[in-house]
Structures are given as structure tokens and as C-alpha cells.
Ligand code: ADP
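Only one chain is included here, represented as C-alpha cells and corresponding to the form predicted alone.
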Amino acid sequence: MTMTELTRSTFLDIDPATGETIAEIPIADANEVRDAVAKAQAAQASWGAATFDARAAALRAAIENVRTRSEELAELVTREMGKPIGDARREVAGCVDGANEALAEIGRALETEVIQEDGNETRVERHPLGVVAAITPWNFPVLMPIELFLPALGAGNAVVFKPSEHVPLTGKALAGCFADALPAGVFMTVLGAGATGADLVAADVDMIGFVGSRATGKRIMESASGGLKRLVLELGGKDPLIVFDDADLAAAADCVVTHALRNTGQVCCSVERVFVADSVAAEFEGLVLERAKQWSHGNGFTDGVRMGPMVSGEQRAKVEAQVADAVACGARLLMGGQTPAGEGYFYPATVLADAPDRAALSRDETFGPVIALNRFGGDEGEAVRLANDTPYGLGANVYTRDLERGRRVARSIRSGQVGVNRYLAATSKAPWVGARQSGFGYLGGIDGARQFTVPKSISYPI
């Protein structure tokens, strides 16, 4: 039983900035989960038979509901998971502003392909799978659900949504925006923690879309295998950033600090391992420290705060343990690393250098506001070897003034997306891919939208 789950009937929604209880939330039991799935199944046929234009119109109405309730949603995000209010507002606004483009991509993904060959015509159509279970995380509690909802619903599937137990009120409010705009039963919601998610995966759904940890993703794959259920799993990462000796060090330091500390480091594609050419390492440490000192932490409703609390005491304890272990293994603690006294689950921006391979910080996902700097000799092959020395493969970044070298290294790194002299992907039209153990299937763009469909070929003589 987790700290947030009292019994099978209720769990506590905790404010991570104060440790106070926001609400006691009823948990959907197995029967309620099955009932939600049954209602979604009953509604899906007519929803799937509707034209894409009709479905898109309903989804635009749902997004308009999100726009109308944007301040309420942002405040719930800050209250439940601690994100600074300005970041929460930008998260909600980004979902609203990008919805029309996303729906246009989904429409293109669903277009019928016509092939004429040897006196026959074949039409390759895209059909919905049925009912999609959408199980989403707490770190981007508006963005990540919508990234699943739009392609799943746009393709004609019904959805049963389970938000993280850390953001149940955010999830409930977001669900209302969609359920109010869609036919009854097309969008259902169940609240609960891990057991509820397991019940949903085991229920009679056709597909599971999950964003969360690698460990949970593995359990979902195992459970889904019996029914050969389709999967899209966006899992964790241990993303590297390589700084060659000819890099723009200031730009690289900006990228490292911003993308290791934003959202209090609670991002699947955070910069978690930094490899700096030895000849510029000392200078680069100074640039990183100078920038990291500007990242204050505090209650997300406080002006000027750049980092809120960790989402829970358990999450903070994991970060504390990794930092302590790294220092015990010989890493140099350059900044932070001390848990502040007082209420809430706060942890300061922390910078370490030279953590050895045996340290958990070098191997396991941290998911906290920690910058880990390490040196390498400057050789391209060594940099690629270090970047690939992980079971993960979500994102990576390379900084060098030699663009051809940057592209060559990017092609050699085993990850779904690589940024050269910038942070990761520069377009929303590309699929977001978790390579290796960072995912299964993908989201975004035409390729991502097609994950929520099954192609059907219909052929006849002409």
C-alpha cells in the first residue's frame, strides 16, 4: 500500500508544497472499471462510424472547454503536483494552441491510400481499434493526457482515462472538458492508484496508451500480452548531452541547466548525464554553476520561483538516496544536495561532477533537479560509447561547432530523438519515439496517430 493510498476505497490527494491533504478521493474498484469499459464499448461503434470531420468538430469543442477552464486547470496542476503557476499556465495554453495542428495531422494520418496495380484497385483504410485505456503521469497532467486523447478519439476509438493518483482533481477537471463535448460513453474516467490501473489494463480494452516509468511499462506489457492488446508506451530516460571541445559552451550550459532543472527535473527526457570534453570541463562547470544558482525553489504560487516541490516524499527520497550514493562513491558535490528543513517535499538544484559508473546516479533514472557532469577525453567514439551505455533511449543532445560531426554522432546514438546544438526535436510533426527500453510504439505526427488504428486493405478488379 502506497503512502497516498489508504485503503482500496479511498486515497489522499496531497499538496506537495505543504504536505496537507487536498481531498480524499474514492477509488474505482474492479467492477466500476469494467462498467466504464463496457459503456465505452457500447458507445464506440457509432463514434467510430462518424466522419473524421464530425469527430474533429467535437474534439475542438472539448479543447474550447479546456481553454475556458484553463486557469482552473493550471491552478489545480500547481496545487496537486507543485509546478510553478506560470509553467502550469504555459502547459495548458500549449495544449490549446497546438490542438488544431494536431487534429490536422490526425486527419492526414487517416486518409485512405488508393493503389492501382495489375488491373486491381486496393484501398488501404485506417480503422479504429475499439476502446483505448489512457493511463497518464503526474508531471505533465494536462499535456500528456491530451497527447493520447486526440489521436485515440480522432481515429474513432472510445477512451477510458485513468490519471495519476497524484493529480486526480486535475484529471477529473480535464476529463470533464472532453466528456461534456463528446457523446455519452465515448469518454469515461476512473480514479485510483496502481491497482486501478492494473484493473484497467486487465479489462476488455483493445489498446493501452501509457506514459510513465519503465518498471510499470514492463508490467503493462506482461499483463497485455495475454490478450495481444495493442500498446503505446512512453517510458523513462537517462538522456545524455555531449559537449565537444569546440562547442558554444554558454549555449550548452543553458541547455543543460534548463533541461535538467525544469519541472524540478521531473521530466522523462531531462538531461541526466552530461559528458564534457576534458579540455573545457573546468570552464563548463563554472558556467553551469553560474546558471544553476538562479534556479530558486519554493511554493509554485510564489512569484519568481523556478522550481516547485518534488511531487511526493517518496520521489524526493529517491533523489536524496542517489545523491548520497554518488558522493559516497566519490562524486564531487558542487552545489545543493541538502534537503531543506520545513514543510513540503522541496529539494534544491544540485550539481555533481565525476560520479563513477557504479553510482546509481550514473545508471538509474533520477527524475529530480540534479545535474551530473562527467569528463571524457574528447574522442568522438568515446562520446558515443558513453552516451549509449544505458538501457534507455529516449533523447540525446550534442554540442559542437562542426555540424557534420554533430549529425554523425547523432546518427550513432541509440535514441528516438537527438538535438544538435539545440534541445531535442524542433517540430511537433515528427513522432516522439522511445527507443530501446524507453518505449514501445510512439506518439505525435502522422506516424504516431496511426498507432491508434488498424490498416485494412480492400481490393477489387477495375
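Here the structure is a predicted model, which is why all the values come from computation and not from measurement. One-based numbering along the sequence shown.
Form predicted together with the named molecule: not shown, discussed below.
Trainee: Within 4.5 Å, heavy atoms only, one stretch in 191-199, 239-247, 326-334, 98-106 touches the named molecule in the model of the complex. Which?
Mentor: Every other range fails; the passing one is 191-199.
Trainee: With the partner left out here, check for me: in the model of the complex, does some heavy atom of residue 89 sit within 4.5 Å of the named molecule?
Mentor: Residue 89: no, not in contact with the named molecule in the model of the complex.
Trainee: Does any heavy atom of residue 163 come within 4.5 Å of a heavy atom of the named molecule in the model of the complex?
Mentor: Answer yes; at least one heavy atom of residue 163 falls within 4.5 Å of the named molecule in the model of the complex.
Trainee: Flag residue 127 as yes or no: does it have a non-hydrogen atom within 4.5 angstroms of any non-hydrogen atom of the named molecule in the model of the complex?
Mentor: No.
Trainee: Does any heavy atom of residue 291 come within 4.5 Å of a heavy atom of the named molecule in the model of the complex?
Mentor: It does not: once the named molecule is placed as it appears in the model of the complex, residue 291 has no heavy atom within 4.5 Å of it.
Trainee: Among 220, 182, 383, 370, which has at least one heavy atom within 4.5 Å of the named molecule in the model of the complex?
Mentor: Looking at 220, 182, 383, 370 one by one, just 220 meets the 4.5 Å heavy-atom criterion.
Trainee: With the named molecule left out of view, which of 136, 157, 270, 350 would have a heavy atom within 4.5 Å of it in the model of the complex?
Mentor: Of the listed residues, the single hit is 136.
Trainee: Heavy atom within 4.5 Å of the named molecule in the model of the complex: which residues of 210-244 meet that condition, in order?
Mentor: Heavy-atom contacts to the named molecule in the model of the complex: 210, 211, 212, 213, 216, 219, 220.
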